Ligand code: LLP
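Single chain ahead, by itself, as structure tokens, in the form predicted on its own.
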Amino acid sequence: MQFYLRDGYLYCEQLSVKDILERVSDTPFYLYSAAQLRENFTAYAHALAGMNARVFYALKANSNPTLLVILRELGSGATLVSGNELRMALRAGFAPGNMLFNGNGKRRDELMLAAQHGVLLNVDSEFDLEHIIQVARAVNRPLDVLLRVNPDIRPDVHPYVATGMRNSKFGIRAERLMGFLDRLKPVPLVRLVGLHCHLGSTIKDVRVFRDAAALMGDLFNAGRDRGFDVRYLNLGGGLGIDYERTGVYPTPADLIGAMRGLLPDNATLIVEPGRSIVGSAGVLICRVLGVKTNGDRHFIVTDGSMTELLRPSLYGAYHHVGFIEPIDDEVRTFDIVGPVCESADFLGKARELPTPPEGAGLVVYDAGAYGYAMSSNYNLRTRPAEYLVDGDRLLQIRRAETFDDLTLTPLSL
């Protein structure tokens, strides 16, 4: 791992985070490791070696342009869920033919943008298909599409991130596939080139991918039997990461291994990892504002909050928390909370930690995915800067917002 402790001091690659904090001074901020990002992507490349397969990184996990360029240079494609993500992928240099636009509510202007650039499109519903047909006729060019199918496989994750169940807002029921094939038959401008499913996120048991591969392989063959040039079998992303620091967690090799032997020989496999590529490549660095006790609860109050990292408040998600240097003081059970005016504002609960002095540097690990991407301006807080370590270099890859950024609208009419 590229974030590690040496004599109790946190390092990112070759740089001491304590030294980085002294240089940066303004907290909180996100800190990423270029080497860790490359290692995580390469793990997928190695797992897929010898297979007819493509990796499409899911931009929604983290769309920082510099990180996107690194992944594009490694050979990644891009999975998109908004028109602006499509624009960002283009700006980062991704080829349109190496992009896929997902989503259950794609607007007409977003579909037009995708059509103009020749981006693959996922069909999510009857109305989505009709909108795509209308756009294909408007631009008078063929559009390649995949049908997103709900396999109704329970991934045993938080209900907010389970996306492949029968009652999900995403995709179509498997038993309705033939109706979509019938609708596509007489529309030559919309070409069915693949099938797609996505089970959910933070998945720990790769056996669910084996079940999905078997079901989707049968549907893939059914599409070819109906005369469609189905080429892509997209089994989505969703592999979890070791937030709890157990040391035992499925790898990309485990994920791909669960699907081997179940995929049709003539299918090009697409996987859409996001979290498992960028999650462990980033941390959130905060400063301790103070320590307080109310009743029998002890609190470490930091300048980092739910506006920087929403996952703990939204999902009850666990992130490992520590300090960037040794602290020799009484160990207590602390809740780590932020200054946002919400009782839900916390970064960790019931953590055994030494009592830190005011100003101590605190690290929230594995925050590279759905950290900055889900940040907000609630309480008129400004979103943080982002920094990247590459070997012994520290690069600012996004500046912190300022109050002026929040007041571009005139204050009077």
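None of the values given here were measured: they were computed from a predicted structure. Note that residue numbering follows the sequence shown and begins at 1.
Keep in mind that the form predicted together with this ligand is missing from the display, and what follows is about it.
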Item checked: this ligand: the contacting residue among 282, 273, 171, 304 in the predicted bound form [heavy atom, 4.5 Å] -> 273
Check: Wondering, does residue 238 line up within 4.5 Å of this ligand in the predicted bound form on heavy atoms?
Finding: yes
Next item on the list: Report whether the minimum heavy atom distance between residue 82 and this ligand in the predicted bound form is within 4.5 Å.
Entry: no
Note to self: Although the partner isn't part of this model, could you tell me whether residue 374 comes within 4.5 Å of this ligand in the predicted bound form, counting any heavy atom of the residue?
What the structure shows: yes
Check: Taking heavy atoms and a 4.5 Å cut-off, does residue 315 contact this ligand in the predicted bound form?
Finding: yes
Note to self: Taking this ligand in the predicted bound form, would 40, 54 and 231 all count as contacting it (heavy atom within 4.5 Å)?
What the structure shows: no
Item checked: Stretch in contact, per heavy atom within 4.5 angstroms of this ligand in the predicted bound form, of 69 to 77, 215 to 223, 136 to 144, 197 to 205 -> 197 to 205
